[in-house]
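The chain below stands alone and is given as C-alpha cells, in the form predicted on its own.
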Amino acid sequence: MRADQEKLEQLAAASKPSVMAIGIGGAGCNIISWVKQEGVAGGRLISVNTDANHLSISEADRRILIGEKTCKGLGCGGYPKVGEQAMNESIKEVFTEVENSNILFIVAGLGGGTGTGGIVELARQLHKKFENDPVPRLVVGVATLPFQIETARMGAAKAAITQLKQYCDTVVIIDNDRLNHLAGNLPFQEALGVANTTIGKFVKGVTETITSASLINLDYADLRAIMHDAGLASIGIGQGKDEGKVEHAVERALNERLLDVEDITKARGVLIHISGGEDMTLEEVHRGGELIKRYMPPKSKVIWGAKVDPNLKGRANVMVVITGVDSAFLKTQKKKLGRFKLPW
C-alpha cells in the first residue's frame, strides 16, 4: 500500500507542469518584480535586460544580463534591432533556464529596444527549438502597447506583434490607451502601474491555479486547449464586493478589457479565474461563469478556475482572458493631417 502511494506521489510530481515567466527589458522586468513582491506559488521568475543598472534593482529568481558584448550593460538606446542582437548573443544562457518548462510567459513592453527586439527574438528561437519537441509546450507572449501618440514606437510595436503571432501560441495585449477608461483620474505613475499590475495578476493567477490546490483547478490540458495556436488575446480584470460581488466583478472584467476587440462573439475560447474570500460560495462562482458564457459563441471553449483567498472577505476578483480575437488597432490606417490652424 505504501509503495502504491509513493508511486502515485512520484507520478503526480512528475506530471505537474513547470511554469516560468520571463520579463524582457525595463517594463518586462518591472512586471516580474511586481509578481516576485506579491509572491507566486509554483512558478519561476526570470528578469532579462541589456541595462545592467535597471537589472540590478529588479527582483526575480534569476537575473540575466543579455548582449554584454553588444550593449556593454548600457541598454540598447531604443533600437529593436539591437535588442534582437543582444538576445541572440545570450540565447544559450536563457535556454538553460527555460528548457524544462511546459508553460512560458514571455513579458515585455513594446515600442522600445530591449523589450521589442528581445521578445520577438526569444519567441522566434523558442519556436525553432520546440517545434519538433515531443514534450508539449505552451509559449504565451504578454505585451503592453505604447500610447497612440507615440507614432514611431507604435509602428515598432505593431511590427513586433505581427511576428509574435507567428511564434507564440497566444499573444495577450495590453493597450495603454485603454487605461483612460480604467485609470484616467489617477496620477500618471499610478495609471501606468495599472497595466503592470494587470499583467502581474494574469501571470500569478494562471500559474497558481494550475500548480496549487484551488476551489476549482485548471490543468495544463485545459489551458493548452484555448491557448495553443490561438493568436491574439484580450484580458480584463474586475472587482466586486458585498452581495452579487462575483457578478459585478465579471461585468467589469468584460466591459473594461485592455484591448479593443472587434467582435467578442467570434472568440475561440475564454479563460476565467475567480478569487474571493472564504465567504464566496460555489453558487456565486457558477453564476459568474454562466454570465460570461452568455457572451461567448456556442462553440467556443470556456475554462475556469476559482481560488479562495482569506484576504478577500466580502470581495471578489475576476480575470477574463478571451483568445482568438481580432483587434481594430492592428488594422488602423495612418490618417492624413490637414493644415494646422491656431484656435485664435
Ligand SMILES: Nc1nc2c(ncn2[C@@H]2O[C@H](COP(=O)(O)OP(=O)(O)OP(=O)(O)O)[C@@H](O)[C@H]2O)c(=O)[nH]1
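Start at 1 with the first residue shown and count on from there. Because the structure is a prediction, the values reported are computed rather than measured.
One more form of this protein, predicted together with the ligand, exists but is not displayed; see below.
- Partner proximity in the model of the complex, defined as non-hydrogen atoms within 4.5 angstroms of the ligand, places exactly one of 283-291, 39-47, 23-31, 297-305 at the interface: 23-31.
- Note on contacts: among Leu271, Ile199, Val120, Ile274, the single residue with a heavy atom within 4.5 Å of the ligand in the model of the complex is Ile199.
- Among Asn176, Ser214, Asn102, Gln163, the residue placing a heavy atom within 4.5 Å of the ligand in the model of the complex is Asn176.
- The ligand in the model of the complex comes within 4.5 Å of no heavy atom belonging to Ala267.
- Among heavy atoms of Gly109, some come within 4.5 Å of the ligand in the model of the complex.
- In the model of the complex, no heavy atom of Ala233 sits within 4.5 Å of the ligand.
- Although the partner is absent here, Thr144 sits close enough that one of its heavy atoms falls within 4.5 Å of the ligand in the model of the complex.
- The three marked residues, Gly78, Gly115 and Ala195, each reach the ligand in the model of the complex, with a heavy atom inside 4.5 Å.
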